[in-house]
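Heads up, the chain below is alone and in the form predicted alone; it's given as structure tokens.
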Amino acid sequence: MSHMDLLIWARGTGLQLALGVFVAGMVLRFFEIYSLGRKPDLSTPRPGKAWAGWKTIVSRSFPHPSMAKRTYPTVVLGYIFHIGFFVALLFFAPHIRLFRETAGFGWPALPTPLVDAMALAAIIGLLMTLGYRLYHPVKRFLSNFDDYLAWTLTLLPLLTGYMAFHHLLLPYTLMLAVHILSVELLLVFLPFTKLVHVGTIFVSRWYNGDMLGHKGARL
């Protein structure tokens, strides 16, 4: 198979298969979560309960003051690679063109040099996150295969996309095909690894805040 044939397959059949697995997997995971149900809470709602869930979505995005000094490397590096990843995904002109072609809508792109810098920052942030995880004895002890798999699946699209854009290592057509295949690999595994938090993190935070707010807990 030539480089062009691989690229055509990755942009066509490969992408369709990956999207199919991704959608089916996410539907299955959400069905599993919501089918658990929720026991009725018969206690009297506390004041401000209506906003407790939304408040928790915001408050849990920042470290608690009592833990800030201990967790700041994780928080800072996490923000760097999350923001960089989503800027590269959502505001790179070729990606927006793909969204328009597949979903029928798009939005303005950011300047390419800015997106390029953010992608590089995300790559560096991920590498430093891995280094910190391996250095920190508690994090290293608690880490398992799923953690390192999620890290690898997140890094590969960023790294291969950056290399394709700058024409590094492999011929452009082949590197672009590898980049697309790495994205499809991420889509396939996302619903079945810890990366599923992309779709559940805000729902779970709202649920926890709403439940604790009903009981009068301080959020």
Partner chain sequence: MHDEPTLAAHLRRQGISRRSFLKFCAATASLMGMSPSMAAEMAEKLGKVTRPSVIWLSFQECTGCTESLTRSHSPSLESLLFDFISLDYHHTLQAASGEAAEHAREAAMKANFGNYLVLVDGSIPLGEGGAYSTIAGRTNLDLLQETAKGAAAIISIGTCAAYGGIPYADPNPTGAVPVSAIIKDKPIINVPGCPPIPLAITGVVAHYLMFGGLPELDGLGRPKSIYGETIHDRCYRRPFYDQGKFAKTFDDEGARAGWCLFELGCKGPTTYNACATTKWNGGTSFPIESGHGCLGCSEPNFWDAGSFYKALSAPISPLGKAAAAAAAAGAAAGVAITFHNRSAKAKAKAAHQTVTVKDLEK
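Numbering follows the first chain given and starts at 1. Bear in mind the structure is a predicted one, so any value in this text is a computation, not a measurement.
Just so it is clear, the following notes concern the form predicted together with its partner chain, a form of the same protein that is not shown.
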item	value
4.5 angstroms heavy atom contact with its partner chain in the model of the complex for Gly20	yes
Residue contact check: His167 to its partner chain in the model of the complex, 4.5 Å heavy atom	yes
Residue contact check: Thr112 to its partner chain in the model of the complex, 4.5 Å heavy atom	yes
Heavy atom of Leu212 within 4.5 Å of its partner chain in the model of the complex	no
Partner-proximal stretch of 117-125, 141-149, 74-82, 94-102 relative to its partner chain in the model of the complex, 4.5 angstroms, heavy atom	94-102
All of Ile8, Val27 and Tyr172 with a heavy atom within 4.5 Å of its partner chain in the model of the complex	yes
